[in-house]
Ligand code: FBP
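Form predicted on its own, single chain, as structure tokens, below.
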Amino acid sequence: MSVELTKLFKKGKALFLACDQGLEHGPKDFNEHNIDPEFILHIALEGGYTAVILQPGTAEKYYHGKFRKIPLIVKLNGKTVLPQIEPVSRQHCSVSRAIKMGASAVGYTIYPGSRNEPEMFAEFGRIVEEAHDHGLPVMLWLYPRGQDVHDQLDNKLIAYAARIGLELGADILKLKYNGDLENFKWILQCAGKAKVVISGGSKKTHLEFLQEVHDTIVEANCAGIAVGRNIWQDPRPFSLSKALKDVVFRHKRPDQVAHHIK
């Protein structure tokens, strides 16, 4: 069965809004407004995002009514920051459960370089097989981590991670961008036909954030961005979303979209 990717993209580009940080980071990322998943879903809906990323419990309780107009990507694994162990993130939601929630894709995180890497590889392989049997795309977060990884943003490591994602069968790869644009073009080649979206990462200034998006999407021609904190931690998330859309879909420069956030 062919995998249906078109509903996650607009004009060939992806603009995903992530709201899975509550499990991964805890409540420290939130304030009294964005702690409510409905607030973030409103941003996704009104901001014209091409998909929203949720953990299954959040999706079951909040992905209803008008919010179902936004394609849903359900994360099938996750971890907390509490145990001091070698990085590992195990599956806690099935593909069939995600489909029942209305998922248009499923997601999974692997930490290349972790000594728990083999278990995650095997688990992910089963997920790809089941998801593809249902025509569902699979998005893979690839973050090199572990006691043998000395620099998570090393060019060679990110390129290796991109190739791992392609080899394991992922359709969309979420990778971190380290600011090296020329090497990022090589990373995209390493990913082959798998589509690459960059991680929004921690909070940046508007100019830094939009410039990073412009460089990777317009200059390097990556497939899009999966952003969270840089949008819903901002005091003007709807205005910033307008600026972001102009960069992603209309290939505007940051200075050309600054009027949205002045």
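Note that the coordinates shown come from a computational prediction; the quantities given were computed from them, not determined experimentally. Heads up: residue numbers just count along the shown sequence, starting at 1.
In what follows, reference is made to the form predicted in complex with the named molecule, a form of this protein that is not presented.
This chain is displayed without the named molecule, yet in the predicted complex the stretch 170-178 from 154-162, 93-101, 122-130, 170-178 comes within 4.5 Å of it by heavy atoms. Of the candidates G228, P56, P237, P37, G228 is the one whose heavy atoms come within 4.5 Å of the named molecule in the predicted complex; the others do not. Interface residue among K242, K10, H251, H25 relative to the named molecule in the predicted complex, by the heavy atom within 4.5 Å criterion: H25. In the predicted complex, none of the heavy atoms of Y108 sits within 4.5 Å of a heavy atom of the named molecule. None of the heavy atoms of L15 is located within 4.5 Å of the named molecule in the predicted complex.
Although the partner is absent here, F184 sits far enough away that none of its heavy atoms falls within 4.5 Å of the named molecule in the predicted complex.
The closest heavy atom approach of G200 to the named molecule in the predicted complex falls within 4.5 Å. Within 4.5 angstroms of the named molecule in the predicted complex, the stretch 126-152 places a non-hydrogen atom from each of W141, Y143, R145, taken in sequence order.
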